[in-house]
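So this first bit is one chain, no partners, the form predicted alone, shown in C-alpha coordinates.
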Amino acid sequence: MSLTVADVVDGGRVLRLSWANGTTARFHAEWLRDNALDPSTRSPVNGQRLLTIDQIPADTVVTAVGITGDGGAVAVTFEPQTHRTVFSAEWLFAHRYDVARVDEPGWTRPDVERWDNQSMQHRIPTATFDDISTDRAALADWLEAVDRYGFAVLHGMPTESGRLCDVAELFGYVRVTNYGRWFDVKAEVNPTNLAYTNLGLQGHTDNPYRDPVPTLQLLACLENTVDGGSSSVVDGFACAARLQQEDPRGFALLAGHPARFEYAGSADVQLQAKRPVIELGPDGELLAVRFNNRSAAPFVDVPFDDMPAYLAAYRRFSSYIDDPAMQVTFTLRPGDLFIVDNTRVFHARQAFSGSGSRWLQGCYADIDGLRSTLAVLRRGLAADAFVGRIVDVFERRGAEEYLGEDVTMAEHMLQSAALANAEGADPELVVAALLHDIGHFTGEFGTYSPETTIDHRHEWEGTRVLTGYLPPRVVDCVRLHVAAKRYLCAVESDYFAKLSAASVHTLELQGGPMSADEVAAFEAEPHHLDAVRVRRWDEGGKAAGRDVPPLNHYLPLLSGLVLGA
(Lines give C-alpha, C1' and ligand atoms only; values in the text may rest on other atoms or scores of the structure.)
Protein backbone atom coordinates (compact mmCIF):
# COMPACT_ATOMS: atom_id res chain seq x y z
CA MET A 1 0.00 0.00 0.00
CA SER A 2 2.31 2.74 -1.25
CA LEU A 3 1.84 6.51 -1.21
CA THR A 4 2.00 8.49 -4.43
CA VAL A 5 1.15 12.09 -3.45
CA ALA A 6 1.58 14.16 -0.27
CA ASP A 7 0.28 17.75 -0.34
CA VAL A 8 0.24 20.30 2.47
CA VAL A 9 -2.97 22.33 2.27
CA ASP A 10 -4.99 24.84 4.30
CA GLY A 11 -1.89 26.71 5.43
CA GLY A 12 -0.26 23.57 6.81
CA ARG A 13 -3.23 22.60 8.95
CA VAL A 14 -4.05 19.63 6.70
CA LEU A 15 -1.99 16.93 4.97
CA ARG A 16 -3.61 15.36 1.92
CA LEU A 17 -2.34 11.94 0.86
CA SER A 18 -2.99 9.67 -2.09
CA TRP A 19 -2.21 5.95 -2.33
CA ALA A 20 -1.40 3.84 -5.36
CA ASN A 21 -4.86 2.24 -5.27
CA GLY A 22 -6.49 5.63 -5.88
CA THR A 23 -7.57 6.32 -2.29
CA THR A 24 -7.18 9.90 -1.07
CA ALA A 25 -7.53 11.05 2.52
CA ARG A 26 -6.88 14.19 4.54
CA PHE A 27 -5.34 14.38 8.00
CA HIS A 28 -5.24 17.35 10.36
CA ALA A 29 -1.77 18.39 11.46
CA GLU A 30 -2.76 18.37 15.14
CA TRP A 31 -4.13 14.82 14.79
CA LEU A 32 -0.95 13.63 13.09
CA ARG A 33 1.27 15.18 15.75
CA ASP A 34 -0.82 13.62 18.51
CA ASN A 35 -0.57 10.21 16.86
CA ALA A 36 3.12 10.27 15.94
CA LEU A 37 4.80 6.92 16.50
CA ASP A 38 8.33 8.08 17.28
CA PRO A 39 9.96 7.29 20.66
CA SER A 40 9.55 10.84 21.96
CA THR A 41 5.79 10.62 21.46
CA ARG A 42 5.06 6.99 22.30
CA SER A 43 6.88 4.63 24.61
CA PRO A 44 8.99 2.15 22.62
CA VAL A 45 8.29 -0.40 25.35
CA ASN A 46 4.50 -0.36 25.64
CA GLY A 47 3.34 1.95 22.85
CA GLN A 48 1.53 4.32 25.19
CA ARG A 49 1.45 8.04 24.47
CA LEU A 50 4.04 10.10 26.38
CA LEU A 51 2.45 13.50 25.72
CA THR A 52 -0.80 15.09 26.78
CA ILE A 53 -2.86 16.98 24.25
CA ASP A 54 -2.00 20.19 26.11
CA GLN A 55 1.67 19.67 25.24
CA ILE A 56 0.87 19.84 21.54
CA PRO A 57 0.28 23.42 20.35
CA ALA A 58 -3.21 24.03 19.03
CA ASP A 59 -1.64 25.94 16.10
CA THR A 60 0.46 22.94 15.01
CA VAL A 61 1.03 22.90 11.24
CA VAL A 62 2.86 20.70 8.77
CA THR A 63 5.74 22.57 7.17
CA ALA A 64 7.47 19.83 5.19
CA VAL A 65 6.65 16.35 3.85
CA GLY A 66 8.52 13.80 1.84
CA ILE A 67 7.47 10.39 0.57
CA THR A 68 10.17 7.73 0.69
CA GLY A 69 11.39 6.36 -2.59
CA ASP A 70 9.29 3.21 -2.39
CA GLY A 71 6.18 5.07 -1.26
CA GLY A 72 6.13 3.02 1.91
CA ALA A 73 6.27 5.98 4.30
CA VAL A 74 6.06 9.74 4.55
CA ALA A 75 8.28 11.99 6.67
CA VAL A 76 6.45 14.94 8.24
CA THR A 77 7.86 18.04 9.94
CA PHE A 78 5.68 19.95 12.39
CA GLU A 79 5.97 23.50 13.65
CA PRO A 80 6.18 25.35 15.99
CA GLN A 81 7.92 22.48 17.82
CA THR A 82 10.13 21.54 14.83
CA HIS A 83 9.26 17.91 15.35
CA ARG A 84 10.00 15.42 12.58
CA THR A 85 8.50 11.97 12.42
CA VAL A 86 7.75 9.23 9.91
CA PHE A 87 4.41 7.49 9.26
CA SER A 88 4.14 4.28 7.27
CA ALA A 89 1.75 4.34 4.32
CA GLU A 90 0.05 1.22 5.65
CA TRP A 91 -0.54 2.73 9.10
CA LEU A 92 -1.99 5.91 7.65
CA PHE A 93 -4.28 3.96 5.35
CA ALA A 94 -5.55 1.83 8.23
CA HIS A 95 -6.18 4.90 10.42
CA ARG A 96 -7.64 7.35 7.92
CA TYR A 97 -10.80 9.06 9.13
CA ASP A 98 -11.59 11.11 6.03
CA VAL A 99 -14.01 8.42 4.84
CA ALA A 100 -17.69 8.11 4.01
CA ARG A 101 -19.74 7.38 7.11
CA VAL A 102 -22.55 4.87 7.50
CA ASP A 103 -25.76 6.83 8.02
CA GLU A 104 -28.08 3.92 8.80
CA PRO A 105 -28.00 2.85 12.48
CA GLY A 106 -27.60 -0.81 13.34
CA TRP A 107 -24.44 -1.47 11.36
CA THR A 108 -21.81 -3.89 12.67
CA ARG A 109 -18.09 -4.49 12.22
CA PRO A 110 -17.18 -6.07 8.87
CA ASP A 111 -16.02 -9.25 10.61
CA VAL A 112 -19.40 -9.79 12.32
CA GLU A 113 -21.50 -12.29 10.35
CA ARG A 114 -25.20 -12.48 11.16
CA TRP A 115 -26.97 -15.79 10.72
CA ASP A 116 -30.21 -17.75 11.06
CA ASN A 117 -31.18 -21.43 10.95
CA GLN A 118 -30.79 -21.77 7.21
CA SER A 119 -27.32 -20.27 7.08
CA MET A 120 -25.85 -21.80 10.26
CA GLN A 121 -27.57 -25.05 11.31
CA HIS A 122 -25.29 -27.23 9.21
CA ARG A 123 -22.05 -25.36 9.83
CA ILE A 124 -21.96 -24.88 13.59
CA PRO A 125 -18.39 -23.83 14.48
CA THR A 126 -16.80 -26.62 16.52
CA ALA A 127 -13.43 -27.73 17.85
CA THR A 128 -12.08 -30.21 20.38
CA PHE A 129 -10.73 -29.41 23.79
CA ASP A 130 -7.46 -31.21 23.05
CA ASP A 131 -6.93 -29.23 19.86
CA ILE A 132 -7.48 -25.77 21.31
CA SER A 133 -5.41 -26.69 24.37
CA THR A 134 -2.36 -27.71 22.35
CA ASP A 135 -2.58 -25.93 18.99
CA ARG A 136 -2.45 -22.13 18.85
CA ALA A 137 -3.91 -22.07 15.35
CA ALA A 138 -6.87 -24.22 16.42
CA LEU A 139 -7.48 -21.99 19.42
CA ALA A 140 -7.32 -18.90 17.22
CA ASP A 141 -9.82 -20.40 14.76
CA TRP A 142 -12.25 -21.28 17.56
CA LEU A 143 -11.99 -17.86 19.19
CA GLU A 144 -12.40 -16.19 15.83
CA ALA A 145 -15.65 -18.12 15.33
CA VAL A 146 -16.93 -16.80 18.66
CA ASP A 147 -16.03 -13.26 17.64
CA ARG A 148 -17.55 -13.62 14.17
CA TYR A 149 -20.70 -15.61 14.92
CA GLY A 150 -21.19 -15.02 18.63
CA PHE A 151 -21.05 -18.69 19.60
CA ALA A 152 -19.14 -21.93 19.13
CA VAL A 153 -19.21 -25.52 20.38
CA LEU A 154 -16.43 -27.60 21.92
CA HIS A 155 -16.24 -31.40 22.11
CA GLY A 156 -14.11 -33.68 24.26
CA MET A 157 -14.22 -31.64 27.46
CA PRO A 158 -13.21 -33.40 30.70
CA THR A 159 -16.38 -34.02 32.70
CA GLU A 160 -14.89 -33.24 36.10
CA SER A 161 -16.52 -30.44 38.01
CA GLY A 162 -15.04 -27.00 37.32
CA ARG A 163 -13.01 -27.97 34.27
CA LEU A 164 -14.94 -25.54 32.04
CA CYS A 165 -12.92 -22.79 33.74
CA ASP A 166 -9.88 -24.24 31.97
CA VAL A 167 -11.45 -23.17 28.68
CA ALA A 168 -12.10 -19.62 29.89
CA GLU A 169 -8.50 -19.38 31.06
CA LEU A 170 -7.21 -20.25 27.60
CA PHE A 171 -8.22 -16.75 26.53
CA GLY A 172 -8.95 -14.70 29.62
CA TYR A 173 -10.27 -14.86 33.16
CA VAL A 174 -13.34 -16.30 34.81
CA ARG A 175 -15.79 -13.58 35.83
CA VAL A 176 -16.86 -14.37 39.40
CA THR A 177 -20.44 -13.37 40.26
CA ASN A 178 -22.89 -14.01 43.09
CA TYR A 179 -23.31 -17.46 41.51
CA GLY A 180 -19.65 -18.22 42.24
CA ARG A 181 -16.67 -18.99 40.06
CA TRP A 182 -18.84 -21.57 38.31
CA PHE A 183 -22.35 -22.78 38.94
CA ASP A 184 -24.33 -25.98 38.50
CA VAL A 185 -27.41 -26.05 36.30
CA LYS A 186 -29.59 -28.84 37.70
CA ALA A 187 -33.27 -29.18 38.51
CA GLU A 188 -33.78 -28.17 42.14
CA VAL A 189 -36.61 -27.93 44.64
CA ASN A 190 -37.39 -24.25 45.42
CA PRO A 191 -34.78 -22.98 42.95
CA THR A 192 -33.21 -19.54 43.29
CA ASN A 193 -33.31 -19.23 39.48
CA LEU A 194 -35.67 -20.75 36.92
CA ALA A 195 -32.63 -22.11 35.11
CA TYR A 196 -32.43 -24.63 37.96
CA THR A 197 -35.63 -26.42 36.88
CA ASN A 198 -36.57 -28.77 34.07
CA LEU A 199 -38.73 -26.12 32.44
CA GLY A 200 -38.02 -24.85 28.97
CA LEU A 201 -36.31 -21.47 28.84
CA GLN A 202 -36.94 -18.86 26.17
CA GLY A 203 -33.91 -17.51 24.37
CA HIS A 204 -32.27 -14.90 26.55
CA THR A 205 -29.09 -13.18 27.52
CA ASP A 206 -27.80 -13.89 31.00
CA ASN A 207 -27.56 -11.41 33.86
CA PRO A 208 -29.05 -8.35 32.14
CA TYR A 209 -29.62 -7.04 35.66
CA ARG A 210 -25.86 -6.69 36.07
CA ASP A 211 -23.89 -3.67 34.83
CA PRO A 212 -21.49 -4.36 33.28
CA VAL A 213 -23.01 -7.59 32.11
CA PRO A 214 -20.74 -10.65 31.75
CA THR A 215 -20.04 -10.64 28.03
CA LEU A 216 -19.36 -14.36 27.61
CA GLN A 217 -21.11 -17.40 29.01
CA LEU A 218 -19.79 -20.96 28.87
CA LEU A 219 -22.01 -23.99 29.53
CA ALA A 220 -20.52 -27.48 29.76
CA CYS A 221 -22.42 -30.78 29.92
CA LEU A 222 -21.22 -33.23 32.57
CA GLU A 223 -24.22 -35.61 32.50
CA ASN A 224 -27.26 -35.98 30.25
CA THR A 225 -29.59 -38.98 30.29
CA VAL A 226 -32.90 -37.11 30.06
CA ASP A 227 -35.42 -36.89 27.26
CA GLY A 228 -35.54 -33.39 25.77
CA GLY A 229 -33.45 -30.47 26.95
CA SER A 230 -32.01 -29.55 23.55
CA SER A 231 -30.11 -26.28 23.44
CA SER A 232 -30.62 -23.55 20.88
CA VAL A 233 -29.01 -20.24 20.05
CA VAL A 234 -30.38 -17.22 18.21
CA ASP A 235 -28.39 -14.36 16.69
CA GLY A 236 -29.71 -11.27 18.44
CA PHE A 237 -28.01 -9.05 15.86
CA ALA A 238 -29.98 -10.83 13.12
CA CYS A 239 -33.16 -10.30 15.15
CA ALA A 240 -32.35 -6.60 15.48
CA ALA A 241 -31.79 -6.31 11.72
CA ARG A 242 -35.09 -8.07 11.05
CA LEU A 243 -36.92 -5.73 13.41
CA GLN A 244 -35.30 -2.71 11.79
CA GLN A 245 -36.48 -3.89 8.38
CA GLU A 246 -40.01 -4.86 9.42
CA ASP A 247 -40.68 -2.20 12.05
CA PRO A 248 -38.24 0.74 11.86
CA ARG A 249 -40.09 2.71 14.51
CA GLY A 250 -40.09 -0.28 16.85
CA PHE A 251 -36.33 -0.67 16.33
CA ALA A 252 -35.84 3.01 17.18
CA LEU A 253 -37.97 2.66 20.33
CA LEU A 254 -36.13 -0.40 21.64
CA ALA A 255 -32.84 1.34 20.92
CA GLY A 256 -33.93 4.76 22.15
CA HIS A 257 -35.40 3.95 25.56
CA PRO A 258 -33.87 1.93 28.37
CA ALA A 259 -35.41 -1.23 29.74
CA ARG A 260 -35.00 -2.22 33.37
CA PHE A 261 -33.88 -5.56 34.74
CA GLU A 262 -33.63 -6.86 38.28
CA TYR A 263 -32.79 -9.97 40.25
CA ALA A 264 -33.31 -10.69 43.94
CA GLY A 265 -33.32 -14.48 43.98
CA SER A 266 -31.70 -14.80 47.39
CA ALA A 267 -31.69 -12.75 50.56
CA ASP A 268 -28.18 -11.37 50.01
CA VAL A 269 -28.60 -10.24 46.39
CA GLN A 270 -30.45 -7.30 44.83
CA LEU A 271 -29.19 -6.50 41.35
CA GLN A 272 -30.62 -3.85 39.05
CA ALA A 273 -29.63 -2.43 35.68
CA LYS A 274 -31.03 0.08 33.21
CA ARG A 275 -30.05 -0.52 29.59
CA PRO A 276 -31.82 -0.62 26.20
CA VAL A 277 -32.92 -3.89 24.63
CA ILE A 278 -30.98 -2.83 21.52
CA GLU A 279 -27.85 -0.82 22.30
CA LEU A 280 -26.32 1.42 19.65
CA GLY A 281 -23.10 3.39 19.85
CA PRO A 282 -22.98 7.16 19.21
CA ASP A 283 -22.17 6.44 15.56
CA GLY A 284 -25.04 3.98 15.15
CA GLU A 285 -23.02 0.77 15.52
CA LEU A 286 -25.02 -2.12 16.95
CA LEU A 287 -23.14 -2.94 20.15
CA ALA A 288 -25.36 -5.27 22.16
CA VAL A 289 -28.79 -6.74 22.72
CA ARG A 290 -30.39 -7.63 26.05
CA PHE A 291 -33.44 -9.79 26.47
CA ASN A 292 -34.53 -11.85 29.46
CA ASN A 293 -38.22 -11.77 30.11
CA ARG A 294 -37.75 -13.62 33.41
CA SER A 295 -35.62 -10.77 34.74
CA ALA A 296 -37.37 -7.81 33.13
CA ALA A 297 -38.55 -5.18 35.61
CA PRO A 298 -41.41 -2.80 34.84
CA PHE A 299 -40.55 -0.52 31.92
CA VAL A 300 -40.93 2.99 33.30
CA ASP A 301 -38.61 5.02 31.05
CA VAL A 302 -40.80 5.00 27.94
CA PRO A 303 -43.11 8.01 27.39
CA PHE A 304 -46.80 7.26 27.84
CA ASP A 305 -47.68 7.91 24.22
CA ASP A 306 -44.88 5.62 22.98
CA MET A 307 -45.58 2.71 25.35
CA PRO A 308 -48.04 0.81 23.09
CA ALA A 309 -45.62 0.89 20.16
CA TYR A 310 -42.72 0.02 22.45
CA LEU A 311 -44.53 -3.04 23.82
CA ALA A 312 -45.54 -4.08 20.31
CA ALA A 313 -41.89 -3.91 19.23
CA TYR A 314 -40.85 -5.83 22.34
CA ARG A 315 -43.45 -8.50 21.54
CA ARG A 316 -42.30 -8.69 17.92
CA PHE A 317 -38.67 -8.98 19.00
CA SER A 318 -39.64 -11.81 21.36
CA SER A 319 -41.42 -13.61 18.53
CA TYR A 320 -38.24 -13.58 16.46
CA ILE A 321 -36.38 -15.28 19.29
CA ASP A 322 -39.04 -18.01 19.34
CA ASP A 323 -39.09 -18.40 15.56
CA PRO A 324 -37.53 -21.76 14.52
CA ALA A 325 -36.25 -20.05 11.38
CA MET A 326 -33.96 -17.98 13.59
CA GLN A 327 -32.79 -20.84 15.85
CA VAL A 328 -29.81 -23.16 15.63
CA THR A 329 -30.41 -26.27 17.74
CA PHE A 330 -28.11 -28.96 19.15
CA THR A 331 -28.07 -31.48 21.98
CA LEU A 332 -25.28 -31.34 24.52
CA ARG A 333 -23.67 -34.68 25.34
CA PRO A 334 -21.29 -35.25 28.24
CA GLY A 335 -18.01 -33.59 27.31
CA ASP A 336 -19.67 -30.92 25.15
CA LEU A 337 -19.45 -27.20 25.86
CA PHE A 338 -20.82 -24.17 24.12
CA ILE A 339 -19.89 -20.54 24.50
CA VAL A 340 -22.01 -17.51 23.62
CA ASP A 341 -21.36 -13.82 23.29
CA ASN A 342 -23.78 -12.73 25.99
CA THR A 343 -24.19 -9.30 24.42
CA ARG A 344 -25.32 -10.76 21.11
CA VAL A 345 -26.56 -14.36 21.13
CA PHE A 346 -29.65 -15.58 22.96
CA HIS A 347 -29.50 -19.13 24.30
CA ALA A 348 -32.45 -21.32 25.16
CA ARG A 349 -33.36 -24.86 26.12
CA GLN A 350 -36.32 -27.12 25.69
CA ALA A 351 -38.07 -28.63 28.68
CA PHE A 352 -36.81 -32.06 29.69
CA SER A 353 -38.19 -35.08 31.52
CA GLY A 354 -38.06 -35.48 35.26
CA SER A 355 -36.40 -38.87 34.97
CA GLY A 356 -32.70 -39.28 34.29
CA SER A 357 -29.98 -36.76 35.01
CA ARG A 358 -29.02 -33.51 33.27
CA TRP A 359 -26.06 -31.70 34.82
CA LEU A 360 -24.58 -28.64 33.22
CA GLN A 361 -22.03 -26.26 34.65
CA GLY A 362 -21.69 -22.64 33.65
CA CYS A 363 -19.25 -19.82 34.13
CA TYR A 364 -18.80 -16.30 32.86
CA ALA A 365 -15.91 -14.52 31.19
CA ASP A 366 -15.44 -11.37 29.14
CA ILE A 367 -15.04 -10.89 25.44
CA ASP A 368 -12.36 -8.21 25.69
CA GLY A 369 -9.97 -10.91 26.94
CA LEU A 370 -11.03 -13.22 24.10
CA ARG A 371 -10.45 -10.54 21.47
CA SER A 372 -7.11 -9.60 23.00
CA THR A 373 -5.96 -13.21 23.00
CA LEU A 374 -7.22 -13.70 19.46
CA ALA A 375 -5.31 -10.66 18.22
CA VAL A 376 -2.13 -11.80 19.94
CA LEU A 377 -2.52 -15.33 18.55
CA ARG A 378 -3.12 -14.10 15.02
CA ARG A 379 -0.14 -11.77 15.14
CA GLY A 380 2.01 -14.47 16.69
CA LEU A 381 1.02 -16.95 14.00
CA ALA A 382 1.74 -14.35 11.32
CA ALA A 383 5.12 -13.72 12.95
CA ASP A 384 5.87 -17.44 12.94
CA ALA A 385 4.96 -17.63 9.28
CA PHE A 386 7.18 -14.65 8.45
CA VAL A 387 10.14 -16.06 10.37
CA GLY A 388 9.50 -19.41 8.68
CA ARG A 389 9.77 -17.75 5.27
CA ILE A 390 13.08 -16.17 6.25
CA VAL A 391 14.42 -19.52 7.43
CA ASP A 392 13.20 -21.19 4.25
CA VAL A 393 14.88 -18.71 1.94
CA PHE A 394 18.17 -18.96 3.86
CA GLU A 395 18.02 -22.74 3.59
CA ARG A 396 17.14 -22.79 -0.10
CA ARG A 397 19.38 -20.02 -1.38
CA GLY A 398 21.88 -19.23 1.35
CA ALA A 399 24.61 -21.30 -0.30
CA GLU A 400 24.56 -19.18 -3.47
CA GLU A 401 27.64 -17.10 -4.17
CA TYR A 402 27.67 -13.49 -3.09
CA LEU A 403 28.72 -11.12 -5.87
CA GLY A 404 31.86 -13.11 -6.62
CA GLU A 405 33.12 -12.65 -3.05
CA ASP A 406 34.75 -15.42 -1.03
CA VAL A 407 31.58 -15.96 1.03
CA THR A 408 28.11 -17.24 0.28
CA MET A 409 25.00 -15.12 0.58
CA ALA A 410 24.13 -16.61 3.98
CA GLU A 411 27.69 -16.28 5.27
CA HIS A 412 27.76 -12.62 4.27
CA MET A 413 24.51 -11.77 6.03
CA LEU A 414 25.39 -13.76 9.14
CA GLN A 415 28.81 -12.07 9.30
CA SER A 416 27.17 -8.65 9.00
CA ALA A 417 24.83 -9.49 11.90
CA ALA A 418 27.75 -10.78 13.97
CA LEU A 419 29.64 -7.53 13.44
CA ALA A 420 26.60 -5.53 14.52
CA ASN A 421 26.20 -7.70 17.58
CA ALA A 422 29.90 -7.37 18.45
CA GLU A 423 29.55 -3.57 18.41
CA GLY A 424 26.69 -3.75 20.89
CA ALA A 425 24.04 -2.70 18.38
CA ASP A 426 20.43 -2.86 19.51
CA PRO A 427 18.15 -5.68 18.23
CA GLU A 428 16.68 -3.62 15.40
CA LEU A 429 20.10 -2.88 13.93
CA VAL A 430 21.30 -6.46 14.37
CA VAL A 431 18.25 -7.70 12.45
CA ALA A 432 18.73 -4.98 9.82
CA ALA A 433 22.31 -6.18 9.33
CA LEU A 434 21.10 -9.78 9.15
CA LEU A 435 18.46 -9.09 6.50
CA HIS A 436 19.93 -6.15 4.60
CA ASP A 437 20.47 -8.27 1.46
CA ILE A 438 17.29 -10.37 1.72
CA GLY A 439 16.20 -8.80 -1.57
CA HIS A 440 18.89 -10.81 -3.35
CA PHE A 441 17.09 -13.94 -2.23
CA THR A 442 13.61 -12.87 -3.24
CA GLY A 443 14.14 -10.60 -6.25
CA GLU A 444 13.45 -11.89 -9.72
CA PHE A 445 17.04 -11.26 -10.88
CA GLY A 446 18.83 -13.13 -8.09
CA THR A 447 22.31 -12.05 -7.04
CA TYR A 448 24.89 -10.09 -9.01
CA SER A 449 27.67 -11.49 -11.07
CA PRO A 450 30.70 -9.70 -12.48
CA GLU A 451 28.93 -9.70 -15.85
CA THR A 452 25.84 -7.89 -14.52
CA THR A 453 25.08 -4.68 -16.43
CA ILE A 454 21.92 -3.46 -14.66
CA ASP A 455 21.09 -2.57 -11.07
CA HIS A 456 18.89 -5.25 -9.56
CA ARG A 457 17.62 -2.79 -6.92
CA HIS A 458 17.65 -5.52 -4.30
CA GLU A 459 17.19 -2.93 -1.55
CA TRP A 460 13.69 -2.19 -2.86
CA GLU A 461 12.85 -5.86 -3.11
CA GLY A 462 14.01 -6.30 0.48
CA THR A 463 11.88 -3.33 1.52
CA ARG A 464 8.85 -4.92 -0.11
CA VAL A 465 9.41 -8.22 1.67
CA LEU A 466 9.94 -6.71 5.13
CA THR A 467 7.42 -3.85 5.15
CA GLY A 468 4.55 -4.54 7.52
CA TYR A 469 6.46 -7.23 9.38
CA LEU A 470 9.42 -5.40 10.91
CA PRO A 471 9.71 -1.94 12.48
CA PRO A 472 10.15 1.03 10.11
CA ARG A 473 13.71 1.57 11.35
CA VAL A 474 14.73 -1.93 10.25
CA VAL A 475 13.01 -1.54 6.89
CA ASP A 476 14.58 1.88 6.36
CA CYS A 477 18.06 0.48 6.98
CA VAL A 478 17.44 -2.20 4.36
CA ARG A 479 16.02 0.37 1.95
CA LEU A 480 18.90 2.79 2.47
CA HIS A 481 21.92 0.50 2.75
CA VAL A 482 22.74 0.84 -0.96
CA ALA A 483 22.29 4.59 -0.80
CA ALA A 484 24.56 4.59 2.26
CA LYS A 485 27.39 3.19 0.18
CA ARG A 486 26.95 5.94 -2.39
CA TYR A 487 26.74 8.47 0.45
CA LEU A 488 29.94 7.29 2.15
CA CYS A 489 31.79 7.38 -1.15
CA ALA A 490 30.73 11.02 -1.48
CA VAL A 491 31.49 12.27 2.04
CA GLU A 492 34.48 10.13 3.11
CA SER A 493 37.51 10.45 0.88
CA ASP A 494 38.99 7.10 1.86
CA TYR A 495 35.80 5.02 1.80
CA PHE A 496 35.95 4.10 -1.89
CA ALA A 497 39.36 2.50 -1.36
CA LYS A 498 37.81 0.13 1.19
CA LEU A 499 35.35 -1.34 -1.27
CA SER A 500 35.85 -4.79 -2.69
CA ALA A 501 36.00 -5.22 -6.44
CA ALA A 502 32.43 -6.49 -6.49
CA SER A 503 31.24 -3.46 -4.49
CA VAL A 504 33.01 -1.12 -6.91
CA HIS A 505 31.23 -2.86 -9.79
CA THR A 506 27.82 -2.56 -8.16
CA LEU A 507 28.51 1.06 -7.14
CA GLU A 508 28.76 1.96 -10.80
CA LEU A 509 25.44 0.23 -11.52
CA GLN A 510 23.79 1.95 -8.55
CA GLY A 511 24.68 5.46 -9.65
CA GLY A 512 28.16 6.09 -8.24
CA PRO A 513 28.93 8.54 -5.42
CA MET A 514 26.08 10.85 -4.49
CA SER A 515 25.75 14.41 -5.73
CA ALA A 516 25.47 17.24 -3.23
CA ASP A 517 21.67 17.27 -3.60
CA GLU A 518 21.52 13.51 -3.07
CA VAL A 519 23.68 13.83 0.03
CA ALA A 520 21.30 16.41 1.46
CA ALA A 521 18.29 14.25 0.69
CA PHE A 522 19.94 11.21 2.28
CA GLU A 523 20.83 13.13 5.42
CA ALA A 524 17.19 14.18 5.72
CA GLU A 525 16.18 10.55 6.12
CA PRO A 526 15.39 9.94 9.82
CA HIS A 527 17.37 6.70 9.95
CA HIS A 528 20.25 7.59 7.68
CA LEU A 529 22.88 7.26 10.43
CA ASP A 530 21.62 3.76 11.24
CA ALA A 531 21.78 2.87 7.55
CA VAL A 532 25.40 4.03 7.46
CA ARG A 533 26.22 1.69 10.35
CA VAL A 534 24.53 -1.20 8.56
CA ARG A 535 26.51 -0.32 5.44
CA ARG A 536 29.81 -0.58 7.32
CA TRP A 537 28.87 -4.00 8.69
CA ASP A 538 27.79 -4.97 5.19
CA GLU A 539 31.21 -4.08 3.84
CA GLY A 540 32.93 -5.95 6.66
CA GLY A 541 30.96 -9.17 6.28
CA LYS A 542 33.01 -10.73 3.50
CA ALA A 543 35.76 -12.72 5.25
CA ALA A 544 36.17 -16.32 4.14
CA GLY A 545 36.07 -18.88 6.93
CA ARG A 546 34.99 -16.50 9.70
CA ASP A 547 33.27 -18.37 12.52
CA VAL A 548 29.96 -16.67 13.37
CA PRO A 549 26.70 -17.78 15.00
CA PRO A 550 24.19 -19.55 12.71
CA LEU A 551 20.79 -18.19 11.68
CA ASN A 552 19.04 -19.97 14.58
CA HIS A 553 20.98 -17.75 16.97
CA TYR A 554 19.07 -14.70 15.69
CA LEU A 555 15.59 -16.19 15.37
CA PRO A 556 14.41 -15.22 18.89
CA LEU A 557 15.60 -11.69 18.17
CA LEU A 558 13.81 -11.67 14.83
CA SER A 559 10.59 -13.10 16.29
CA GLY A 560 10.59 -10.47 19.00
CA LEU A 561 10.71 -7.67 16.44
CA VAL A 562 7.97 -8.88 14.14
CA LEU A 563 5.23 -6.28 14.38
CA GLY A 564 2.56 -7.25 16.86
CA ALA A 565 4.38 -10.36 18.05
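Not measured: the values here are computed from a predicted model. A residue's number is simply how far along the shown sequence it sits, counting from 1.
What comes next is about the form predicted together with a further copy of the same chain, which is not displayed.
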(Q) How about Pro303 - does it come within 4.5 Å of a further copy of the same chain in the model of the complex, if we only consider non-hydrogen atoms? (A) yes
(Q) At 4.5 Å between heavy atoms, is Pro110 in contact with a further copy of the same chain in the model of the complex? (A) no
Q) Taking 4.5 angstroms as the cut-off for heavy atoms, does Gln415 touch a further copy of the same chain in the model of the complex? A) no
**Q.** Distance check, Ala255 to a further copy of the same chain in the model of the complex, heavy atom within 4.5 Å
**A.** yes
Q) So which of 228-236, 282-290, 330-338, 486-494 is the stretch with heavy atoms within 4.5 Å of a further copy of the same chain in the model of the complex? A) 282-290
Q) Which pick from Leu51, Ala524, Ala64, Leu529 sits with a heavy atom within 4.5 Å of a further copy of the same chain in the model of the complex? A) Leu51
Q | Sole residue of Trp115, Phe129, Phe151, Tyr263 within 4.5 Å of a further copy of the same chain in the model of the complex, by heavy atom | A | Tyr263
**Q.** Contacts with a further copy of the same chain in the model of the complex, stretch 525-547 (heavy atom within 4.5 Å)
**A.** none
